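Okay, here we've got a single chain as structure tokens, the form predicted alone, with questions on binding and movement later.
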């Protein structure tokens, strides 16, 4: 069983791509909608909530969990992988792992696998500007500009915090109001730079990707985190058969509680009703 954890509905964009890439695998989705958004919370709260979500998914039999939340990935994941998980493994002896969505995104942005040598500054590569739209906590971490610059120093990264967007999506704010928010954030970014490519660095944002595409200069490509994560997971499972991902095509959707007003947007994206259960 593979777990997918997010602060709310945004991780469903990743879950959808994972199911398309690996339809035979068993997935459990957990959205911490009751505590969303994570992007404005103190780091210690993000860490505590993420660990609680992981425990819930372990309890459902998941041996591998994808943290489909950029804020949790950049704030909490390293400590979880280096400190919390090893202690958890020693307690019960069960092989488990937790991986995030930042590494696949950086691989897609730079064109370099994580194990490949970083590009030298003098190599003949076309320079470009990547815009990152993300939550305030993800922007503050500097994760995307730092890691992209390490691997491709020719790429300029410009960030734009979108403090109200994830919560507006979770609350089911009218689409016209969400469009206005997106236009404001894109306008702020464009006063700083004109991007050649864009990363939507919060998994809620692909739910309104059409608004970003309309507000950005025509033809600017968006680097899709869900598809990048799905490709990375397929290769990861090939290399790590010790994690029991199941082969029955089972699906489970859990939530800590959410506003029903947001469901029409989510179900329009998903293409069907979603049978959420209370976590």
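Predicted model only: the values in this text are computed from it and were never measured. Residue numbers count along the first chain shown, from 1.
As for the form predicted in complex with D-glutamic acid, it is not shown, yet the points below apply to it.
- Listed stretches are 130-138, 191-199, 149-157, 175-183; the contact stretch with D-glutamic acid in the model of the complex is 130-138, by a heavy atom cutoff of 4.5 Å.
- When D-glutamic acid is considered in the model of the complex, only one residue from 76, 166, 109, 98 comes within 4.5 Å through any heavy atom, namely 166.
- The closest non-hydrogen atom of residue 37 lies within 4.5 Å of D-glutamic acid in the model of the complex.
- Residues 6, 7 are the ones in 1-28 with at least one heavy atom within 4.5 Å of D-glutamic acid in the model of the complex, listed in sequence order.
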